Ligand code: TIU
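Let's start with one chain on its own, the form predicted alone, as structure tokens.
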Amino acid sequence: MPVITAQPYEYSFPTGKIALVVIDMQRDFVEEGGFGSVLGNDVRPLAAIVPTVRRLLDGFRAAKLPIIHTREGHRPDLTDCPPSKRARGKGALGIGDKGPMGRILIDGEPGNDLVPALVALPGETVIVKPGKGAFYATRLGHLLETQGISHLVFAGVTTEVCVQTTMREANDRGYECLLAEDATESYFPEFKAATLAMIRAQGGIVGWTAPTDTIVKALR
């Protein structure tokens, strides 16, 4: 069984039963003019991980392993967006409002697309999720079950919100979860650091963490 040098200890995975989940590497969060920058965040740290996420994608593609991309987005009529979520933050613009990249966090709008360097290739799954976690109100659980997946590698943004939420959802469902440390990012460095510590605390209570190059090397 292949082994990845990780924290808090080695992560082993069965060949053919591991998949990559790339969380929300979409223009709304990563590029200037998207929802992230509209909220007043510096998006440059998120944009900086795009080449690293691409290396991880390329590693999984070379190994011919399943890849799942997620985008946080809502229906144009917002029937899948709770009023409490839309009202949160009290910013100048909110979910569904017209922004520089079209309506914010609306499926089908330019800002909701994956960044160009990380677009899904034919055969890769793209899941549009209305919540923070990728299992809520999506077909992710069924997809993983039908493919016999037991181990998941995670990348994407933001570390402490959608990435961590999905990892915790996966952990509760019995999946063995590994986070690529340098292929995830937050608008707040201290939040990322705290999340990595929480994930691998108490003997890996949520999962493991490891650098991208270490993961890709093991896949070979």
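For every residue, the number given is its place in the sequence shown, counted from 1. Quick caveat, the model's predicted, so the values are computed rather than measured.
The form predicted in complex with this ligand exists for this protein as well; it is not shown, and the discussion that follows is about that form.
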Among 154, 196 and 208, does every residue place a heavy atom within 4.5 Å of this ligand in the predicted complex? no
Of 38, 161, 67, 177, which one comes within 4.5 Å of this ligand in the predicted complex, counting heavy atoms only? 161
With a cut-off of 4.5 Å between heavy atoms, is residue 103 one of the residues that contacts this ligand in the predicted complex? no
Tell me, yes or no, whether residue 109 is in contact with this ligand in the predicted complex, where a contact means a heavy atom of each within 4.5 Å. no
Do residue 72 and this ligand share at least one heavy atom pair within 4.5 Å in the predicted complex? yes
Against this ligand in the predicted complex, would residue 60 count as a contact residue? Criterion: heavy atoms within 4.5 Å. no
Heavy atom within 4.5 Å of this ligand in the predicted complex: which residues of 178 to 205 meet that condition, in order? 187
